[in-house]
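Quick heads-up: the structure tokens below are two forms of one chain, split into structure 1 and structure 2.
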Structure 1
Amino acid sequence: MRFYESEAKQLLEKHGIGVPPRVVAKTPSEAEKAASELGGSVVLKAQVLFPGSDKAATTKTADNPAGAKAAAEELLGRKFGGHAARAVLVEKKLASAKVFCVRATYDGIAKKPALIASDLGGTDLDDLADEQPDHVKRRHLSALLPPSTYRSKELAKDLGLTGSALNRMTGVVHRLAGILLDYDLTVVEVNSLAMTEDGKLIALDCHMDMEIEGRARQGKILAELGVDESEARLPREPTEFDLAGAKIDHDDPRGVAGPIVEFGGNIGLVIGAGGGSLTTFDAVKKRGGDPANYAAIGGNPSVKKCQALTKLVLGKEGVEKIAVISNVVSNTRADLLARGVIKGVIELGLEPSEVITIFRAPGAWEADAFKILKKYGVEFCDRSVSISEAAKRAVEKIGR
């Protein structure tokens, strides 16, 4: 889940990181009043979680209250990436002598928390890594121990800082690392960390994402930031299909069915949970298929749950056939999965042999599962057939 910038800066300020004087305005009149209170030039930012390709258009500047009101009217009156602005963050415009970029995140390859920084702030850090790698510095943190100020100081020193500037940057980097780990975040990034003429470091922007699983543990800080429990904070609003999938998982506690996400393709997917489901989805795409959904299932779900998920996926408009593919499922009975899928297909009045392109779910009780599938003429395979090959067979049966 993602934070609005106003919320992210509230969290930065809570941990002693400097941010500009600011006011959150929900109407143009409030923006005008905020600009008058802040004095001088202001920066207005539409509070949108996923601006899409319109990201640059979400920010405007104004030299006076009247200009701020006009800018707010424009920002609040349009959509960015399909999303309307929730409010406008009005900030005092600050001058800076130098701008840096600092990111605390996780390195999926090293499997450790990572600190990344550049002395060329204000530019996308990922683009900098490709175009000017010499200006991007990295340090890893321990995955077990609290973040070290020593590592933070190493990174600050890599940016060419010395003296009091080095100490100030060390403090900011160290606090960002702590925020990442303490609040179950996947990333906390200040793309424009400004050093003012008097040497202070001010976060002109901030981006934060939290692990969705962390919401249950972070109730206190979410309440403090004003994040309502009902807010999904997803890239798009859930569809009726998404909500129906969530209900299936909620109504039956046995096993897991989800997350369930709707796409627009013609191949329905009932796929193994965890990394196996992601691999399967990618394999179908790579083989030229067009998935209609993402629907991970695992954790030894009941026949009823497998049946309900199959009916949901196969009953989706535009779905021609389904593929049932999973990694080796040691904790899920393959026979229960087979029974549920077959039952769901039959209850829709369809022939299993015609709409199930492939069944690859090796693991516990797989021999019984294969007997059931053979009875209904469904093609099945064991672990000797790779996920990629199973995806290929599914795509070939339905056509591209």
Structure 2
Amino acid sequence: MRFYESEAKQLLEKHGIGVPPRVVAKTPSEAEKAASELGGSVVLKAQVLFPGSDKAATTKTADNPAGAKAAAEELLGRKFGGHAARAVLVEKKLASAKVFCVRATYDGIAKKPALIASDLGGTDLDDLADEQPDHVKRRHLSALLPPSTYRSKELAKDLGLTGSALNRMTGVVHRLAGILLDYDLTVVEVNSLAMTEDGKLIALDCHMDMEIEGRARQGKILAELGVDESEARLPREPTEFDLAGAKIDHDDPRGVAGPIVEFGGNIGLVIGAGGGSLTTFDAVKKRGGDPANYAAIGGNPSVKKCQALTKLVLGKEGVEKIAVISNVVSNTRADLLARGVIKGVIELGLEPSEVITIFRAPGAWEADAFKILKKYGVEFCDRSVSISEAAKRAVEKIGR
């Protein structure tokens, strides 16, 4: 769950990390007013969560209030990676003597929180690690103990700092570590941590993401930052179809349905959850199929849940047929899935043998599933037919 830079900086400030004087402007005239209050040159940043390849275009500078107004007009008038900006962050432009980069995140290999820093701030840290590894320094933290300050100090030392600069850097890194752990973040990164002429450290930017799994216990800070519970904060806002899928999952806790995501194609997919869904989706695309959705099911869903999901997928505009494909199932029952899918189809007044192109979910209770499918004339296959072969048959029946 992504934070806007304006929110991320609010959190940094709350924890005593220096940030530039700034104002969040919703309109060009607010930006103009902000610029005159801040004085001097300003940096304007479109507040967009997922700008994609338009990232560079989200930032503009202006030397005076009129320039700020014009820049804000531009930033608020266009889209970045398909998203309009929700506001413009107007910041005082600061002179810096040197720029560092600090990231706090988790390292899945060491299985520990990690601090990564470079004295070459302002560039992509992962590229730096590949190209100039000498300039990237790391320290791991304990997840059990409160973060030790000395690790931040060692990192600051590795960056070549001494004297009061070392102590200031230690403080900033240590605070970032605390923020990562306390707020269940997946990452907090200040890519441009500027050291001003007078030796102060100021976070010029901030990238911050909260783990979805941790969101439930972070209600307090989310409320403080004004993040509404309904905000998904994902690269793509959920569509009505996605929300209907989430509701089906929520209303009946037996088994899981999800994620349920809408795409533009014509093949409705009801697919086995987890890795099976990834494999199936790839296989359908590889055969030239154009999926209308991604609807993963697993954890032994109830018949009603499979039924509701089938209706959702097949009820979508432009979808005439569905494919039911899963990896060999262990705890999800093939017979219950068959019952649900067939019920859903019949409730829509359609013929299972016509609209279900293929049913491939071998495994638990397959013998009963096969009897059901046979009775309704649905094409099915057992474990001797691979996921990709099943995908191929489905695509052939539906047409590309």
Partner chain sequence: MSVLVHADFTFIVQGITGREALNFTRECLEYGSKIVGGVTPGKGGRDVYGVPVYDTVREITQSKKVDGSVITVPLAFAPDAAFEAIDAGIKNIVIITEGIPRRDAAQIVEYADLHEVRVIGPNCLGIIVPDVCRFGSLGGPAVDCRKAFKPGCVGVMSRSGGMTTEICNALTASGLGVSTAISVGGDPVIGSTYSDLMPLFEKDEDTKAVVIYSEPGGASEAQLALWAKENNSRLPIVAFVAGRFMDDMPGMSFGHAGTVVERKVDSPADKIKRMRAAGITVAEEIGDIPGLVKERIGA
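Computed from a predicted structure; not experimentally measured. Residues are numbered by position in structure 1's sequence, first residue being 1. Take the two forms, superpose them, and find the largest set of C-alpha atoms that agree within 1.5 Å; that set is the rigid core.
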Only one is the form predicted alone; which?
1
Under a superposition restricted to the rigid core, does Glu351 display a Cα displacement of 2 angstroms or more between the two structures?
yes
Spell out whether the Cα of Gly318 moves at least 2 Å between the two structures when the two forms are superposed on their rigid core.
yes
Degrees turned by the smaller rigid part between the two structures:
22
Could you check how much the CA of Gly264 shifts between the two structures after a rigid core fit, in angstrom?
6.0
